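Alright, here's a single protein chain in two forms, structure 1 and structure 2, each given by itself as structure tokens.
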Structure 1
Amino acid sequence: MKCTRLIPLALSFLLALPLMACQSGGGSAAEAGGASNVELLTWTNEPTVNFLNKISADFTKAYPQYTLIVSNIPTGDHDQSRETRISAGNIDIVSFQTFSHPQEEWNADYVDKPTWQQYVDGGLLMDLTDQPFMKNYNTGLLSGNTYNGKYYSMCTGTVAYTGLFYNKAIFDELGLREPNTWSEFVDICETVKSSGKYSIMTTGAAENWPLNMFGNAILSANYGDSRELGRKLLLGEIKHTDPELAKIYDCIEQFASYMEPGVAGVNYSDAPGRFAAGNMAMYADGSWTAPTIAEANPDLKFGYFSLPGLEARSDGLPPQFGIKYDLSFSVPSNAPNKDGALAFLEYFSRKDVYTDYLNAVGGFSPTQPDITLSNEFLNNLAPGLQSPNINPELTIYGLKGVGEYGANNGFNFLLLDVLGGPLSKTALAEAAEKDYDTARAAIESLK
């Protein structure tokens, strides 16, 4: 009899345990005098995640009352997870990339507010402008990452992303060198192709964005500052079918045609390994992947060059990289452990920790001044970073209500027949322009 009473009692206790545990997280433990967790959510980038986990113990030494917990989510699912966690109010530090594409007076009819702007306008992200650790950063460099002149994130680095990794052994064997013009780049591809020994290039196209990133790289190489192009495209002052954009479509088609067969199915996470195996001459991805390649094959000698424009630069510089702000930490206003979050950002911003971070991550250029890196790969990027271009991904807007042919900020290159899509370059340009016209007309009709 006693047993029959005890079993439900024990079960009830067991069921109640998780609930009791739920109530003991975050600040409550700190109030009780014990260590409390500071949870940081970011996307999966192995070197970054490894570094954050590595400094966790040192952070606790600096701030004994806090313990850093790093949660990482695959890139494709990260934003969804971040939104859920912010809505639930159970995350202390979240990760954003660039705060780009704001809805402003001139484009208010044509674009929706991006997620970050909704968060800031909704008072969900802390204003970090006056935090002492922000003084460690190069505010001039970060000025493009502000909103209404205030900092809502602490940007940990910029990335060069318009380049191609190349296998130095293959380039040496075939007598190739880094190209300065588009035709030189095409010659490289043709030489590798005619050698018959190596695949020309790959990328993680299964996730769509890497290929679109290189559409933007081609725009960047040819337009430099693409803000005006972005404005004109949105307002219909330039058409996809105009001859100057037709040249871009030609380059994109040519670029895609040199990708390895079946590239549209190559997962982003598999692509570095395919290049690191040593039989691929080039690999299209951002500089942040350098450590992953090095880890996959420590013996591989590789370099990174910027995709060139149709013409050589008039200023005599080599092709310049397009850059964008990358991993940026923000603190939600409803974070359960705001003090702990700010303490971590302060710790991370210390010059020695920050330098270690950049050396460990390997693909980011510093956003703090006077940082000396030991990373040879990053130092080799310097010639291409003398006059970097603003990333078109940040300046060209997606039109509200536009159809699929005009998607991805107007350049939905995955629809090209060379990549297994249904349209030729001419048909895609015409279809994109038609979708833009249709969307603009619909917007006008709703006014």
Structure 2
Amino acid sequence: MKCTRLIPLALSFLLALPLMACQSGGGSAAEAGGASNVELLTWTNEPTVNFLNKISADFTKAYPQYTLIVSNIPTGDHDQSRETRISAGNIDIVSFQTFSHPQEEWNADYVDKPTWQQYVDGGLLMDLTDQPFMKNYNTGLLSGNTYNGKYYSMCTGTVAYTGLFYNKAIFDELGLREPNTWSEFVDICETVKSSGKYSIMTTGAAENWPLNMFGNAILSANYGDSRELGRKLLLGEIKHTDPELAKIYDCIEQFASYMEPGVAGVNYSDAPGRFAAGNMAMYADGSWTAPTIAEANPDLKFGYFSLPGLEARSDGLPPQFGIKYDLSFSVPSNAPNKDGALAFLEYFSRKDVYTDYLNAVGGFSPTQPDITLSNEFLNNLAPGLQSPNINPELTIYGLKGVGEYGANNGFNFLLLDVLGGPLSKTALAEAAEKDYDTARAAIESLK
């Protein structure tokens, strides 16, 4: 889910809001003879929304003066709704996916300031750093979701999304095991292909992003922490046509070549069912899809492995997942019931409640330490989460004004000829670099 930019007029209105509600102790007035409402806004995700509604009564038992109201908005409309509600000063807790790609001094000419940063810089989100409940979380794990060393959101979990689901029965039949190197992954694909019995791999490519995120998976597998790569790409210190990135384009083309025929027309909502049918060896998607697969076919035994790099890791660990932060809660500075909002975040952060949340939602890995889950799938991800990488989606910047071929940092699967697109891998790299050069030149001309 990508953030929409705040238009200047809306941001000016936000900054002009009265700050009375920012003062400590400024909760909303209680209803006559009853509790005051704490309203939480999030995007529509059935397991999450169901869990929040389920714990509402228990929250009120813990804090009799408050009642939780959960409002959910379809993902595509959520960002605009959040902006509107904060502008109106009538929402107590809002949801973000992640804080990433901040505009900083070194990149200010090349990227727009993201919405979340506009909120924080405008004093519109409460600093949660010193709230007692934040001590329940692994602050080291959350460090990638901070801004100027402070926490303006409470992240409820991370997701691994550089991996592939695999059908354990097919792997067992063909004598396959989880790969540690790219060549081992290719061997798996070739073995499935040679068997003639099963499709190799699918994903929901019709929406573009589910396939494109595996360009980031390949970068993560080969670069680990890709912050420096992101800086160099943005500033032109490394080119898409350089030999170093040519290896990445080689892997992208090879990965795409193993997708099932017609994958460009497979809708994201249909892809889990195609894998769950039982004749597909692998499915490229994030760990959050595990509950959907299990629901589609409760009898299917499946695992999930991180896409490996060209070389085995030097530290002896198996390939490590790239992760991103998912649902995070923030409190607007003008929340009408700020005390109630903080009370709910405290209640939610209690170890038993938080553990129940992860077990109910499925697909999220803990951001609190020492959490034992009943979810076998999540527990089995542990070997790939010993030294996870912040996914390149969060560290490689989109250059302002870049053209079609440079979009998605240049690694656009559906433009490749192996998937019916117009370009070879070499032509795609050249077109992406041309777009980058053109955009940087346009920016320089305006200085």
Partner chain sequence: MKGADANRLRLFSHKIVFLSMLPGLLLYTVFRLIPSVTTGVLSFTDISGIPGAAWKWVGLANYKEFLVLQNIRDLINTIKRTGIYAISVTLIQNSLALLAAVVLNSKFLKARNFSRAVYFMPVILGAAVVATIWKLMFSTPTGPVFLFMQQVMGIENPPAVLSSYSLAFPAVIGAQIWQNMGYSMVIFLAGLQGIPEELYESADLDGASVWQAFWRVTFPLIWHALTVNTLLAIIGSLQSFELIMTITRGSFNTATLGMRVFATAFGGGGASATGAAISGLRQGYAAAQGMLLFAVVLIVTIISQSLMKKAEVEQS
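C-alpha atoms forming the largest set that superposes within 1.5 Å between two forms make up the rigid core. Quick caveat, the model's predicted, so the values are computed rather than measured. By convention here, residues take numbers in order along the sequence of structure 1, the first being 1.
As summarised for this chain, the first structure is the form predicted together with its partner chain, and the second is not. Relative to the superposed rigid core, A108 undergoes a CA displacement smaller than 2 Å between structure 1 and structure 2. With the core held fixed, Y268 shows a CA shift below 2 Å between structure 1 and structure 2. Once both forms are fitted on their rigid core, the CA atom of S287 lies less than 2 Å apart between structure 1 and structure 2.
Here L41 exhibits a Cα shift of 5.0 Å between structure 1 and structure 2, evaluated on the superposed rigid core. Structural comparison between structure 1 and structure 2 after rigid-core fitting shows the C-alpha of M154 displaced 2.9 Å.
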